[in-house]
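Just one chain follows, in the form predicted on its own, and it is written as structure tokens.
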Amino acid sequence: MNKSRPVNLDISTIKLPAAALVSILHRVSGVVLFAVMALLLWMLGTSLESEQGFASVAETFSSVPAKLILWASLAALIYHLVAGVRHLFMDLGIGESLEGGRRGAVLVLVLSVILILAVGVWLW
């Protein structure tokens, strides 16, 4: 083993490229979606059960903490969807180059932020 190689143990000094950040966030959003799936299915089932169930769900999600949880869930869904579409384009051979990958990653970040903010405005 070469002991003279540079070693950086401070993770905060490492700057990730946009494609790596998009990839990591795609995985994180997938885990968040898996975690909130039970909540979303409960909301759907209860709201479709009866008129009282719909009113109960609407009342539950009228509070600020519940809206924040719902917004975070929708943010994860939006990000995962946009990043997934990027992967579909790359499967078609679009944006596979180094520059194309970087531009696609920046586009995913910008589009996701815009859509997540729009959903936040719509939710409140």
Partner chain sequence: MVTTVTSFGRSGVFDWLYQRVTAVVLAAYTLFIVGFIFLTDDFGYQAWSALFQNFWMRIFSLVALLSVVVHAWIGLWSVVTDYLTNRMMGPKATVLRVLAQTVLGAVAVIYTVWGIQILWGV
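On a predicted model such as this, the values are computed, not experimentally measured, just so you know. Positions refer to the first chain, counted from 1.
Heads up, the form predicted in complex with its partner chain isn't pictured, but that's what we're talking about next.
The listed set Val64, Ala38, Leu98, Ala58 contains one residue whose heavy atoms approach its partner chain in the predicted complex to within 4.5 Å, identified as Ala38. Its partner chain is not shown here, and in the predicted complex it never comes within 4.5 Å of any heavy atom of Gly93. Its partner chain is not drawn, but in the predicted complex it has a heavy atom within 4.5 Å of Val7. Contact check for Trp71: no non-hydrogen atom falls within 4.5 Å of its partner chain in the predicted complex. Taking the partner from elsewhere, Trp124 is found to have every heavy atom lying beyond 4.5 Å of its partner chain in the predicted complex. Using a 4.5 Å cut-off on any heavy atom, the residues of 37 to 56 that reach its partner chain in the predicted complex are, in sequence order, Met37, Ala38, Leu41, Trp42, Leu44, Gly45, Ser47, Leu48, Glu49, Ser50, Glu51, Phe54.
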